[in-house]
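Here we start with a single chain on its own, the form predicted on its own, put down as C-alpha cells.
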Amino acid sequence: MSLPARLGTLLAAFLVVVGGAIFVVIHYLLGGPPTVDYAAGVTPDSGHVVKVYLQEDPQTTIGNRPDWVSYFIQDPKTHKWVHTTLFQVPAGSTIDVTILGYDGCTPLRNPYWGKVTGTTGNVEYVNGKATPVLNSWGQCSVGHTFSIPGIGLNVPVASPTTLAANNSLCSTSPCTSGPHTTVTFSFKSPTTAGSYFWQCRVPCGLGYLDGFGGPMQTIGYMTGQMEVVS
C-alpha cells in the first residue's frame, strides 16, 4: 500500500474513533434528562422557602419505556411536568415538597422505609393529615418512597388504598387526573453546595432481579440527584 493510501486509512480510522467519542459524549453524557432549576433568583442561606413539585406515575407513556414507573418534576417557570429526576435547590433553605402519588400500592420489603425521617417534625402530610409512619403491611398504602440517604431523608409516598382505585390508575403520563394521594413535607437543604443522590426504596423494577433493576437504577425514572447550589 502506498504512503498516501496508508495515511488515508489512518485518517479514516482516526475520524471513526473521534466520531465515536463525540457520539458517546452527546448521547450518553450530555443527552440525559434535564435539570429543573428551583434555585434561580434565590439567595442561598436566606431562609427562603422553595416549593418543589413531583409526581410518581405507574408508567411513562412519553418515552421509549412505557411500562416503567417514573417520577416527574414540575418546572417552576412553565408549570409543565418534565420527565426527569434531576433538580437544583439553593443551600440553607426550607424546601417544601409536594408529591402527587398516582401509582398503586406495593408492600415495602422492610418496614423501616415506612418511617418518615429527616423532615420537619419527622412527619409527612397525607391528604393534609400528619403522620410519622405508613404501615404498608397493615394496609395497602405505599406506592414509592422519596429517599435522600445523604441527609437522612426518607418519605414513604402514599398510594390510593382501595381496590377500585388501584384498578383504575392513570394510564397516560404525566398524569393529570385519576386516583392519587397528595403528600407534603418540608426539610432544610444543606448549607454547603453538593450533589445528593436520591432514590425510591420500593423494588418497583418489575421483570428485573429482586425488582431492583430497570427504572430503579435509571436516572430520570426512580432515581435522581438533588443539586444544592450556593
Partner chain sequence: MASVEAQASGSGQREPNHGMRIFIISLVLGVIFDALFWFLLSPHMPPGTMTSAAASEQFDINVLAAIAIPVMIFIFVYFGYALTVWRRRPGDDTDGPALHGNARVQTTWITVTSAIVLFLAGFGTYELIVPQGAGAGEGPAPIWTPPGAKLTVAQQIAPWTPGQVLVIQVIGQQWKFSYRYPQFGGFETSALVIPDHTWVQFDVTSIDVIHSFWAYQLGVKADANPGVDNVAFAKTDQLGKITVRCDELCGLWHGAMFDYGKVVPVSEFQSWASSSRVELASITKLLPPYATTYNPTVIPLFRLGPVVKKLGLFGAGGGYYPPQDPQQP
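For clarity, a rigid core is taken as the largest C-alpha set superposing within 1.5 Å between two forms. Residue numbers count along the first chain shown, from 1. Everything numeric here is computed off the predicted structure, so don't read it as measured data.
Quick note: we don't show the form predicted together with the partner chain, though the next part is all about it.
Of the stretches 94-102, 156-164, 123-131, 71-79, only 156-164 has residues with a heavy atom within 4.5 Å of the partner chain in the model of the complex. Residue in contact with the partner chain in the model of the complex (any heavy atom within 4.5 Å), chosen from 194, 178, 34, 203: 203. Among residues of the shown chain, residue 146 is not one whose heavy atoms approach the partner chain to within 4.5 Å in the model of the complex. Though the partner is left out of this view, residue 173 does not reach within 4.5 Å of the partner chain in the model of the complex, counting heavy atoms only. Using a 4.5 angstroms limit between non-hydrogen atoms, residue 190 is distant from the partner chain in the model of the complex. Put simply, residue 114 is close to the partner chain in the model of the complex: some heavy atom of it is within 4.5 Å. After superposing the rigid core, the Cα of residue 194 is displaced by less than 2 Å between this form and the one not shown. Superposed on the core, the two forms differ at residue 66: its CA moves 2 Å or more between this form and the one not shown.
The pair residue 63 and residue 215 is at least 3 angstroms farther apart at the CA level in the model of the complex than in the present model.
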